[in-house]
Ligand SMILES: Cc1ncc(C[n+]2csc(CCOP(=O)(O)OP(=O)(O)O)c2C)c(N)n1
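Shown below, as structure tokens, is a lone chain in the form predicted alone; questions about how it binds or moves come after it.
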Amino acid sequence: MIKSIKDLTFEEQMLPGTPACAGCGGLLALRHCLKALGEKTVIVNAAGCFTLLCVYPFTPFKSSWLYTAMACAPAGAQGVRDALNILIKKGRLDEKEDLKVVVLTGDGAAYDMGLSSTSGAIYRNLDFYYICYDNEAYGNTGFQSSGATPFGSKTGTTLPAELNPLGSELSKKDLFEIWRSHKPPYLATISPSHPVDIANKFKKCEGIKGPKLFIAHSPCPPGWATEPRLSAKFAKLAVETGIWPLKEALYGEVKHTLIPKKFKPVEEYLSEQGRFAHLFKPIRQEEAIKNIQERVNRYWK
């Protein structure tokens, strides 16, 4: 049973609650997502930054929580969904008490380790929500490069700037299109800087059965080397520069839910982040900055 803070010993009060870093964009996005989903959910969490959100006997959630290894959250979700269906079929659970099954993962699981089980779950048309908080690296183990790390970013596993002034030379995988190739009913990108857009997207797919993806852009102060108070600013800048398009795909048809009237240059987004500092000092990497801008321009054209 969850205890009241008044019932805890001093030692228990000193235990960590939520381990999320100050200014975590992923946590803000999750808050908006769970508001839209409501309390009748069961969250299947893949190992990652949010693993310790629930530390027995403490939880910040009113819903159920199941923890799995990094690669198998969709498989865990399959088991939960099947169990709920069987209980309803046998009359042991009223349909009104049914739960929404939600997979919650970081980009390491979503873009890399969990792709196999995710592909299988989409193939089986599993009725679940898949929320990826994308901070563009393996955030809770030292900010190592992941399949979501963008070109030019510095990570814990890229060579030092003096040996490689460009940072990551690989391009970020397009998880939206990887999922869309499986033909699921609904996909969306979201941002913590646009809560109304998040709410509208969850509302739109409310009655849709099958796999539903939400990729949340998640500024990460320790990994991005930014001020925690500026996370919402960077999330907004990513949308305004066109680096993070807000879009959805309903039964395969892609629609942008917000298109900036005038795009800001990507340099405004890059220049204040420590993970891109090597592109500006000590020697400005003009070609790399131009490359990033051209990638964004090509997408929108």
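The shown structure was predicted, so the numbers you read here are calculated from the model rather than taken from an experiment. Start at 1 and count along the sequence shown; that's the residue number.
Below, we turn to the form predicted together with this ligand, even though it does not appear here.
Using a 4.5 angstroms limit between non-hydrogen atoms, L84 is distant from this ligand in the model of the complex. By the criterion of a heavy atom within 4.5 Å, S191 is excluded from the residues contacting this ligand in the model of the complex. Interface residue remark: M70 is counted as part of the site for this ligand in the model of the complex, having a heavy atom within 4.5 Å.
Although the partner is absent here, A47 is a contact residue: one of its heavy atoms lies within 4.5 angstroms of this ligand in the model of the complex. Put simply, of T141, S116, S171, S181 only one has a heavy atom within 4.5 Å of this ligand in the model of the complex, and it is T141. You can rule out all but one of 157-165, 92-100, 197-205, 128-136: in the model of the complex, only 128-136 has residues with a heavy atom within 4.5 Å of this ligand.
Applying a 4.5 Å heavy atom cutoff to this ligand in the model of the complex picks out G106, D107, G108, A109 from 83-109, in order along the sequence.
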